[in-house]
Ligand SMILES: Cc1cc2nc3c(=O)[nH]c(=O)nc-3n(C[C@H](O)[C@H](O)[C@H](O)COP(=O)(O)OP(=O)(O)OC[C@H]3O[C@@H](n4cnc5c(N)ncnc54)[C@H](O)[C@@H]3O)c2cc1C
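The chain below stands alone and is given in structure tokens; this is the form predicted alone.
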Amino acid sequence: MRVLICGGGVIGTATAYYLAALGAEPVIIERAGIANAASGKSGGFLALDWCDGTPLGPLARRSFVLHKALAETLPSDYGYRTLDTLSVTATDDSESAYAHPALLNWLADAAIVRGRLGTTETTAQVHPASFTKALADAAVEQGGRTQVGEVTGIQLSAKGSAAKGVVVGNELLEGDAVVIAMGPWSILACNWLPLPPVYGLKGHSIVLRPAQPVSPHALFVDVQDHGGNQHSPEVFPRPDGSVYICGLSGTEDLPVDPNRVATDAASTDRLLAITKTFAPQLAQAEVIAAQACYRPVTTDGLPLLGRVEGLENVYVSTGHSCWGILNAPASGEAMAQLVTAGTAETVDLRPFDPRRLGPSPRSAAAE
């Protein structure tokens, strides 16, 4: 069974990995490179129970378990490790000083550790780009393949009830099933399919190389600057010695070409200024990457996971927002089961059925 997966991000590669494990032949079609967008520029933070109490809870718990299993199975070292996660508060005009634990001596005196949000039993991390590429490599090793190209449409059967394949450039690539997993660019598929809209939420981040080692603590920080503005940066030290920091959103529209996603010097400067408030040593570190990406979001905040209405062999898996890296394994596993066996056994996908939102106006016009 050849399954054409449109998109080389973490959702597409996870789906390919589990399809290959079930004996299918996944073909990952990607025009901008594996992990070129949000899957390569996110924080890679994993949490067991942070989605509890929402429809995402079971998906996240299953994924957290799968992440640990994958770290033991995949041959690549992609920076998986468990770590403590802390809540920190800071202001840039505070006169108070706080005695941090020795491991946290890289925080400013005015930064206060409010509490523990997660332990090594409940929070972990991966390097997102390396993880995504490890999944793609493993899928290829098991009989899948990747193909460079832009998906420009889907060709339906004569009866219109199934897909014959996808159009890559101007050529038809035939397959037995199609999975749309293009992140925020899945909105383009609304031109071809009755899909709900997916939007891109832009975020900026930086990766630093501090001169001194930083302890393995993920930080979720509340910062108030001198002007009274509130910020919520997230800090993820990585096993390779680098430190990832995010926390600025952008309002720019999603470009049609993923290669045209751009950051700007002003955003980098703002992130460094915010970082100086709670960790001045980090703010002085070498900036090894200044980047931006668009997270895929839906109107109700839940991903789209399921079969596209009216088509026997076309599926969608996107809209995971900030939890894409976390929830990729369980999403990929469940989608692989759905495509090959008609039902997902490990996770209930009904809360994520794309039919709950209805097609976008563009989809209706396309029909």
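Start at 1 with the first residue shown and count on from there. Keep in mind that what you see is a predicted model, and the values were worked out from it rather than measured.
The protein also exists as the form predicted together with the named molecule; that form is not presented, and the subsequent description refers to it.
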**Asked** in the predicted bound form, which of the stretches 149-157, 271-279, 224-232, 70-78 has residues with heavy atoms within 4.5 Å of the named molecule?
**Response** 149-157
**Message:** Since the partner isn't included here, can you check whether the named molecule sits close to all of 8, 38 and 185 in the predicted bound form (heavy atom within 4.5 Å for each)?
**Reply:** yes
**Listed residue (326, 335, 59, 304) with a non-hydrogen atom within 4.5 angstroms of the named molecule in the predicted bound form** = 326
**Message:** Just to be sure I understand the contacts: of 138, 190, 163, 246, which is the one whose heavy atoms reach within 4.5 angstroms of the named molecule in the predicted bound form?
**Reply:** 246
**Prompt:** Taking heavy atoms and a 4.5 Å cut-off, does residue 258 contact the named molecule in the predicted bound form?
**Reply:** yes
**Request:** Using a 4.5 Å heavy atom cut-off, state whether residue 51 contacts the named molecule in the predicted bound form.
**Result:** no
**Message:** Residue-level contact is defined here as any heavy atom of the residue lying within 4.5 Å of the named molecule in the predicted bound form; does residue 293 satisfy this criterion?
**Reply:** yes
**Request:** Flag residue 311 as yes or no: does it have a non-hydrogen atom within 4.5 angstroms of any non-hydrogen atom of the named molecule in the predicted bound form?
**Result:** no
**Heavy atom contacts to the named molecule in the predicted bound form at 4.5 Å, residues of 29-58 in sequence order** = 29, 30, 31, 32, 33, 36, 37, 38, 39, 42, 43, 44, 45
